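Starting off, we have a lone chain in the form predicted on its own, written out as structure tokens.
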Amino acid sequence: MLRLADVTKSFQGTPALHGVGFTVAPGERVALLGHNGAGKSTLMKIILGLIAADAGRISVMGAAPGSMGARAVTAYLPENAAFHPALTGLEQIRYYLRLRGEDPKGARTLLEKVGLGEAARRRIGTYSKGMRQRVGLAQALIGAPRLLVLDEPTSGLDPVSRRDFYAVLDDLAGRGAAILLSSHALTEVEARTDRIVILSGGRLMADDTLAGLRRRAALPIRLQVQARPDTADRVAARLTGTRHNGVRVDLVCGPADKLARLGEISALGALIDDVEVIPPSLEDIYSHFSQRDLP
């Protein structure tokens, strides 16, 4: 669906992207991560055809970025969606449907899909930031796009609205849409994307599934052991762990030692109530790769 190879861009001699390349396949949800200034916005503008790369190859369903073919299958949602405050949500989406040559009668269905059915006839000037963001998502869904480029799309949404937003994305991905999503909300991205792309200083530092990145990073794993009452000291001593909160014993080990440590815990039998394995979070993974020394 989306292919990038050796994409390079500079502004007045200052490099912004250095040979970046990755793909987004149909039905795949890819998170684009990076600190401010990492090159995410520049890359998205190149994909959308808003600016041209200095070098490299970009293909959107076989078409060049910004071409009629690419624009027909691509939708974009910016971080701060802005609409005319005097229009109602229904009027705004009807307007966009007409611009796309589609039946304006579909506006209410789109607004209901993003949870704005009851507010459809209210003026957008009365909407909260989260509601305006949902109008933006409704606009992005016009024409059943095959590629969605989303820049901080859940900014301003409450937890329930975020859950509903990702449910919409899951449905779109299930129908074969490719999704490229830039976000600083690492916790929600961790659970709702298929692959992680990390940029740092304009360079591609990582491109893999979360499980693959964990293997590559080889960061420590935490084990939280719940001992039975009055056995925590014995368990901590046997496992050389640290006791917390009465019955909890914390252990830290490398990925290669995880199974051996679990075997030691299992051997304690009746002394143990439960054990929880806590792998490195996406925040840990992101910090590891984004802070790596650049070549």
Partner chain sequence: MNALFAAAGTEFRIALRNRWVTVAVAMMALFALVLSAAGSAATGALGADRLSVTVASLTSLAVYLVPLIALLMSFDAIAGEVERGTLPLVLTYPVARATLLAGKFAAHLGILALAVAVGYGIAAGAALVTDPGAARGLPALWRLLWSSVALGATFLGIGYAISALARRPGAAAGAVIGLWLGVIVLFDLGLLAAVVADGGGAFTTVVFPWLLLGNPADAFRLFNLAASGATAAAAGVGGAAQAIPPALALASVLGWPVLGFGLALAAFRKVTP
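In this text, all values refer to a predicted model and were calculated from it rather than measured experimentally. Numbering follows the first chain given and starts at 1.
One more form of this protein should be noted, the form predicted together with its partner chain, which is absent from this view; the next part is about it.
Checking Ala237, Ala55, Leu259, Met68 for any heavy atom within 4.5 Å of its partner chain in the predicted complex turns up a single hit: Met68. A heavy atom within 4.5 Å of its partner chain in the predicted complex is found for one listed residue only; from Ile142, Ala185, Val168, Leu219, this is Ile142.
Contact check for Ala211: no non-hydrogen atom falls within 4.5 Å of its partner chain in the predicted complex. When contacts are judged by a 4.5 Å heavy atom cut-off, Ala270 does not count as touching its partner chain in the predicted complex. In the predicted complex, its partner chain sits within 4.5 Å of a heavy atom belonging to Ile51.
Using a 4.5 angstroms limit between non-hydrogen atoms, Glu91 touches its partner chain in the predicted complex. Heavy atoms within 4.5 Å of its partner chain in the predicted complex map, among the stretches 168-176, 155-163, 93-101, 189-197, onto 93-101 alone. Residue Lys45 is the only one in 11-46 with at least one heavy atom within 4.5 Å of its partner chain in the predicted complex.
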